[in-house]
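Below you will find one chain, with nothing else, as structure tokens; this is the form predicted alone, and questions on how it binds or moves follow later.
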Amino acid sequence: MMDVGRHPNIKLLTYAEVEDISGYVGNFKIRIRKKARYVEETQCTSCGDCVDVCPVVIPDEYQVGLGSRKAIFLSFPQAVPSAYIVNADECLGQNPIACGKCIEACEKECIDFTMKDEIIEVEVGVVIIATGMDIYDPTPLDEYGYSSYPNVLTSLEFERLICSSGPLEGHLGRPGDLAFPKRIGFIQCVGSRTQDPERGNPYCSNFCCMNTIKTTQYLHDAYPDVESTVFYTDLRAFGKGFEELLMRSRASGVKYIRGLPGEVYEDPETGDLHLMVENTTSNRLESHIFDMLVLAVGAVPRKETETVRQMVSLSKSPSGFLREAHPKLRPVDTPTKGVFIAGSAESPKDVRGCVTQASAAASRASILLSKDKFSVDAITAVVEEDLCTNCGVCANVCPFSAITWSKGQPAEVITAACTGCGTCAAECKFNAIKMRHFSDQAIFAQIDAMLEDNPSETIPTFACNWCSYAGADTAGVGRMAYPPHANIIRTMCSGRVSPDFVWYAFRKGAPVVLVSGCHYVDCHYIDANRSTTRRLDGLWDGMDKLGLDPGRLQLEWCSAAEGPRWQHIMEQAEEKRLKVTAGEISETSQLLKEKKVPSPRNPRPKDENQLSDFECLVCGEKWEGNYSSNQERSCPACRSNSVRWIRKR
């Protein structure tokens, strides 16, 4: 912290919070509220005279409530800058001053109650999010007596208790009576590795086992008379030197019992803690008595992280931590360009893991900042302003906030922020958004080609680039045999699949249409596949109203590693295809033509006899003519029937 504070290229803002992040890679604008400290940090010498006279005493958050502090305080002993802070909500009064003792005691006259919060706006090229994690609150687990017995502590509270800067200044004592504890028990996996949401979280918190092992070794070295017993389900000591430390702890006499206690009782006279546990190694029930019990609590995401996540449009994992762009290839990148994550904001990890990931994030950021220009893949969206009706729907569905829009103004795509998922193009009902590559023209042409001959034997399959398409590739590389009737149309995201693609496939005689994307919580475009689900819900309702079998439209999720699942999906689609009769296919095609189901190929103008422009979706040829709903049009250049009407400009 001191090196950071002294570095000429680092501006350290303490006692501040981010209120808003806007912009895109290379052009982020951040609004920061620097809270009033009511102490001039450049003049304060941390003499402590103000603390001595302050009459307000409250629990100290840094000591996890085991110690106390005043209304004017240092955040923690190594705080940078080393200047005191006055908590306005705890001070006896400022306006008018009801106390003022700290002002009288300060010889430097650095306390100023007229200070106000300061709003700072900065422009940066990249953003690194390292918001950390919180500790699981074991209060719901009443069987361990955490909320009832003072000598039951969490692992964090025990750390502060034995720390040299803790409330007992490094001396060991139990909170109930400050007596020296000779028997200390440790219970692992409190709040972790459980499928019961009321009892914790399903994931492993990574650092709990090694923290307990380290603590027991410290107790043996500093207090040889202390007997330590660890109750565990599994000990996970993976990492450099970790297994060796576990062996040292065992050799030091620490008892490791495989089994978790069921309930804890306190002796009201002595304060001793009694518990029963089933030792699964020896297969017997054991009774233990301890002076103190330590709960190795797991980690949970910080509440403040959710606010930052929404500011920069990031995705999160089912556990609530931030999700990286790719767990192996891009472990510190996020789906939003120019935003990186580090430390336990991404997942629970120890200090070593946090430092490693922070170094990686700093390296990735420096690579990006060293460039004069930033290049993007040529798959972004483009808005045709003369077709845009200024409805703003595209801006609402964009998962990266890459589309700006205001009333009376056409939408505008920020190319640097666009990732080319295509959700906006699928959502636009006026064909005002075009995709560079993966265009409507290309997709309709693929549907035409695959359904040109024997359409009843073809299953048009829309597969997202990152998961489903890669899952099909995995199945192919693994030589997993499945029915060959599925013809895949690759899209960057399942959110690119417009309802018009599905209707057109059915009109062309497709017996079954399959849409497949990333698993619901694993979308590479944050939450774009939510739009997929919403659109298909509408399609299923529409098919039901038209008297069509909704089962002919299938939606499946598949990841890149799930080759066997892709094989199973194909087998299910084939089973459905075999059940669809030729008469049903013909009736569907005729019905959709009679109902004039909307399609971007042939949307109906207000006046069907007006002079209009036409465009071929295959070769791009444009010509002028009169629209007629009863006339089948074809391209004069390539004779393709993939034609759409364009509003006359």
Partner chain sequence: MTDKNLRIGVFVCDCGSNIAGTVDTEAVREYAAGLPGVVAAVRNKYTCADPGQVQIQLSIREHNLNRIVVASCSPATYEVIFRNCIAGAGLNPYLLEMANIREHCSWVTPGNGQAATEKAKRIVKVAVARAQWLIPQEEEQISVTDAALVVGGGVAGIQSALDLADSGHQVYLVEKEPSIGGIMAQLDKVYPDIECSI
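From a predicted model like this one, the values you see are computed outputs, not experimental measurements. Rigid core: the largest C-alpha set superposing within 1.5 Å between the two forms. Residue numbers count along the first chain shown, from 1.
Just so you know, the form predicted in complex with its partner chain exists too; it's not on screen, but the next bit is about it.
K.L.:
With the distance limit set at 4.5 angstroms and only heavy atoms considered, check whether C44, E143 and L178 all reach its partner chain in the predicted complex.
P.N.:
Judged in the predicted complex, none of C44, E143 and L178 sits within 4.5 Å of its partner chain.
K.L.:
Wondering, does T581 line up within 4.5 Å of its partner chain in the predicted complex on heavy atoms?
P.N.:
No - in the predicted complex, heavy atoms of T581 and its partner chain never come within 4.5 Å of each other.
K.L.:
Though only this chain appears here, would C398 touch its partner chain in the predicted complex if you measure heavy atom gaps against 4.5 Å?
P.N.:
No, C398 sits far enough from its partner chain in the predicted complex that none of its heavy atoms falls within 4.5 Å.
K.L.:
How about A486: is it within 4.5 Å of its partner chain in the predicted complex, going by heavy atoms?
P.N.:
The answer is yes: A486 has a heavy atom within 4.5 Å of its partner chain.
K.L.:
With heavy atoms only and a cut-off of 4.5 Å, decide whether E40 touches its partner chain in the predicted complex.
P.N.:
Contact with its partner chain, no.
K.L.:
I need the one stretch from 227-235, 527-535, 408-416, 541-549 whose residues put non-hydrogen atoms within 4.5 angstroms of its partner chain in the predicted complex.
P.N.:
Contact criterion met by 408-416 only.
K.L.:
Tell me, out of M133, A296, C558, C523, which residue has a non-hydrogen atom within 4.5 angstroms of its partner chain in the predicted complex.
P.N.:
Among M133, A296, C558, C523, a heavy atom within 4.5 Å of its partner chain in the predicted complex occurs only for M133.
K.L.:
Looking at I162, V393, A105, L275, which is the one with a non-hydrogen atom within 4.5 Å of its partner chain in the predicted complex?
P.N.:
None of the others qualify; the residue that does is I162.
K.L.:
Listed by sequence position, which residues of 357-373 have a non-hydrogen atom within 4.5 angstroms of its partner chain in the predicted complex?
P.N.:
If the 4.5 Å heavy-atom criterion is applied to its partner chain in the predicted complex, 357-373 yields A358, S359, A361, A362, A365, S366, L368, L369, S370, K371, D372, K373.
K.L.:
Examine E263 after superposing the rigid core and state whether its CA is displaced by 2 Å or more between the shown form and the other one.
P.N.:
No, because once the rigid core is superposed, the C-alpha of E263 moves less than 2 Å between the shown form and the other one.
K.L.:
Does F290 count as moved between the shown form and the other one, where moved means a C-alpha shift of 2 angstroms or more after fitting the rigid core?
P.N.:
No, its C-alpha moves less than 2 Å.
K.L.:
Has the Cα of S439 moved 2 Å or more between the shown form and the other one, judged after a core fit?
P.N.:
It does shift by 2 Å or more.
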